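Only one chain comes next, encoded as structure tokens, the form predicted alone.
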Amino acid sequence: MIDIVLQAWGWERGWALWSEIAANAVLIDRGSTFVTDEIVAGRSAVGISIDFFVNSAIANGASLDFIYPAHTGLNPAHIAVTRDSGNPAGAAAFAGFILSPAGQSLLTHPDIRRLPVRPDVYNELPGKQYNPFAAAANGGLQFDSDTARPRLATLAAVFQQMLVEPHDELRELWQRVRQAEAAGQPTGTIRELLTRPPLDEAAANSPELQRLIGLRLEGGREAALTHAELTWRDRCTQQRRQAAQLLGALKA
């Protein structure tokens, strides 16, 4: 989800958008409630989620709507016949059925709610059904999975240090920014400080950095932060301090 925004809007503008989104959001931790539960309960008005989670909740009676953004990304599900399959003919027949028009049509059942991979299947579906092939033709699926996959852990770590750890402070600073802007005061420099990521895209794409971050995250929650993460934390802290000083000068 992080990289969808970065690839759609660019590195700098994408992180700026994430900063404002995060500061206006309630963050849900791993193992916590579902995003759909937060919306249904009225604790939030809108949430970011994966389509089939929301569609499943709707199929089970939840009063929700789901909207695909103009720019999004797809994470295809996989099916394969394993090398040591005990029944390769049966497995191949099952895989063939899943990829057939009849099998693909089943994916749109309310209890499944997945997107078929056959373009022809969409011709038989209601017009309101999201069609990724039509979206791609309109430029809405310009997402590079080969770029996103190796930096997944790195982006998660940046998001953690830039937006999650200082979340309470970040929310307060953005509230003060909006109050200053409502009063007609200039906040360009402050916005730049609150939205600037602690590294550039070239650094995030470094295989060595990706390897180090991946090893730490795979090692468990208690693994010590890498030098890079400590550096990001310090940079973001300094930027927030400068933003707070400038807001103080504006009496915001």
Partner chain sequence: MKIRLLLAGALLLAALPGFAEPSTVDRDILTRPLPGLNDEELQRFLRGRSLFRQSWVIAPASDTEVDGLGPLYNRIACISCHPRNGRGGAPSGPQERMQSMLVRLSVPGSPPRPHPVYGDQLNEEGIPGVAGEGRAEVHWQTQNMTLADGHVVELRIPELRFVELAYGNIGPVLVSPRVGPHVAGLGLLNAVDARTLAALAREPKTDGVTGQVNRLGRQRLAGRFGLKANTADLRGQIAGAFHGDMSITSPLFPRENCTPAQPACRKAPNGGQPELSAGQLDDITFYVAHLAPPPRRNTEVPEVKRGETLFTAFGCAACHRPTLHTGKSPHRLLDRRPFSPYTDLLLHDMGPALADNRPDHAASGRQWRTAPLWGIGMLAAINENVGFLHDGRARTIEEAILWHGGEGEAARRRYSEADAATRRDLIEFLNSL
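Residue numbers count along the first chain shown, from 1. Computed from a prediction, not measured in an experiment: that's the story for all the values here.
Keep in mind that the form predicted together with the partner chain is missing from the display, and what follows is about it.
Shown here without its partner, the chain carries Glu169, Ala202 and Thr237, none of which come within 4.5 Å of the partner chain in the predicted complex through any heavy atom.
Taking the partner from elsewhere, Gly61 is found to have a heavy atom lying within 4.5 Å of the partner chain in the predicted complex.
The partner chain in the predicted complex comes within 4.5 Å of a heavy atom belonging to His109.
Of the heavy atoms in Ile21, some are within 4.5 Å of the partner chain in the predicted complex. When contacts are judged by a 4.5 Å heavy atom cut-off, Arg43 counts as touching the partner chain in the predicted complex. Residue in contact with the partner chain in the predicted complex (any heavy atom within 4.5 Å), chosen from Ala136, Ala156, Leu99, Val81: Ala156.
In plain terms, the part of the chain that comes close to the partner chain in the predicted complex, with a heavy atom within 4.5 Å, is 157 to 165 out of 88 to 96, 116 to 124, 178 to 186, 157 to 165. Heavy atoms closer than or equal to 4.5 Å to the partner chain in the predicted complex belong, across 25 to 39, to the residues Ala25, Val26, Leu27, Ile28, Asp29, Arg30, Gly31, Ser32, Thr33, Phe34, Val35, Asp37, Glu38, Ile39, ordered by sequence position.
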